[in-house]
Each structure stands twice: as structure tokens, then as C-alpha cells.
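Take a look at this one chain, the form predicted alone, written out in C-alpha cells.
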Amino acid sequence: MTLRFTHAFIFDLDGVITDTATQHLQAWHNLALEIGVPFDPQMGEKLKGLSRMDSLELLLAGSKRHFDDRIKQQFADRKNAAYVQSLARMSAADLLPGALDALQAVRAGGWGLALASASKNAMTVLDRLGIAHLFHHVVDAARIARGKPDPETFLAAAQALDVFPTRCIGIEDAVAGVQSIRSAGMFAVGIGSAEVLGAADLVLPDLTALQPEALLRRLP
């Protein structure tokens, strides 16, 4: 295999580069109210890193009612329409602390830069944030068969960049995402709480603390 880059950094989107968790959670909450299923106050943490359909299954697990696949798809579409509508108000002001500097530092270093997101709306979000041009490749839920914690999302990003997984650093804020990175054979950086993301190789509070060159020195 001819490597295009010597190393690569593969970022998750929600909770790492920007925080659309509030919009997602509100859309799921509204759907739960509409269809009359209970909504767990802890649902926000449980939904992190899950695909749309996996999130829906988690939501419906609290109901005694049975919904067939056609109805489930309608629910998922309804939730997504509400979420996409909320994205119209996003801008570069919604980038999380350190996000832009971290992405620019990776590009300046000449390393591969990819996005590995569980969202089918990833490109829309990147466009609204004004950072789509920084990524060499984007893998979203529409391009894969198995979502996180399966490693497919991160492996697909590494393959697209022609970089071996062992030379990749994955950055995630969700337990499922960290599991995905580790299963892919990559170095896992967790963004958030060490108590929650203890399985990561390194946990940082946010991207302001991310130093690409220092991280690369930690690879085998």
C-alpha cells in the first residue's frame, strides 16, 4: 500500500468539534411526546455516538407498544426533519473551544484529516460551521453498514486516507466512539470526563489541549 500521509487524525463531530447534542436531544424528546413513549432524563448520555436508528430503538425500548419497521422509519424521518431544521441556525460561532485551531494544526503538519461521524447530516453541519474544506475525507452514517461501537467508521476513514490504523489517532467524546477507535487498532483520545471515557488511551477536557505532534510521539 502506498501511503498518501504518514499519519492521520480522525475526528468525531458531535461533542468534539461542535455540540449538536441539545438539538438532537430536543428532537428526540419532542418525538417521544408526540408518540407517547417515556423519555429517560439520562437519554442524552445514552444516545452519544449511536446511529439514528439505534437511537430510535433505545427510545422505543421504554415503551410497551410494538412498532413495525415502516412506522419506525417514519419516526426516524420525523425526528431528522426537526433536527435538520434546527441546523439552519448554526454558524462558525458554534465550534467548540480549540476545534478550529486543532484542525488547522493537523493540516499545517501535513497529516491526514478525516471525520468519522454517526450522523447522516455531517456534511451539512460542516458546511454550516465553515470547516468542510479542512477535511481530506468525511465518513458519515450514510456510507457505512455498521455504526459505532463497531470499528467500521474509523477503519473506512483510515482506508480512504491510505493510512494504516496503527498510524491513526481517533478523537471521540462518547464511550461507543472510544470503543470503535480501540477496536480499529488506533490510538484513542477521549474528549470529556476521564471517569466516563476511561477506556481511551488519553483523555483531554477539550480540543484546546490537543497537541498533534506530542500525540504522534506516543504511537508505537
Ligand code: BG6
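Given the structure is predicted, the values throughout are model-derived calculations rather than measurements. Note that residue numbering follows the sequence shown and begins at 1.
Keep in mind the form predicted in complex with the named molecule is missing from the figure; the text below concerns it.
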* To do: Answer with yes or no whether Met186 is in contact with the named molecule in the predicted bound form, where contact means some heavy atom within 4.5 Å.
  => no
* Decide whether Ala99 counts as a contact residue for the named molecule in the predicted bound form under a heavy atom distance cut-off of 4.5 Å. => no
* Should Leu47 be counted as a contact of the named molecule in the predicted bound form, where contact means heavy atoms within 4.5 Å? -> yes
* Asked: Tyr83 near the named molecule in the predicted bound form, any heavy atom under 4.5 Å?
  -> yes
* **Candidate stretches 88-96, 131-139, 67-75, 110-118 - the one whose heavy atoms come within 4.5 Å of the named molecule in the predicted bound form** => 110-118
* Within 18-36, the residues that have a heavy atom no more than 4.5 Å from the named molecule in the predicted bound form -> His24, Trp28
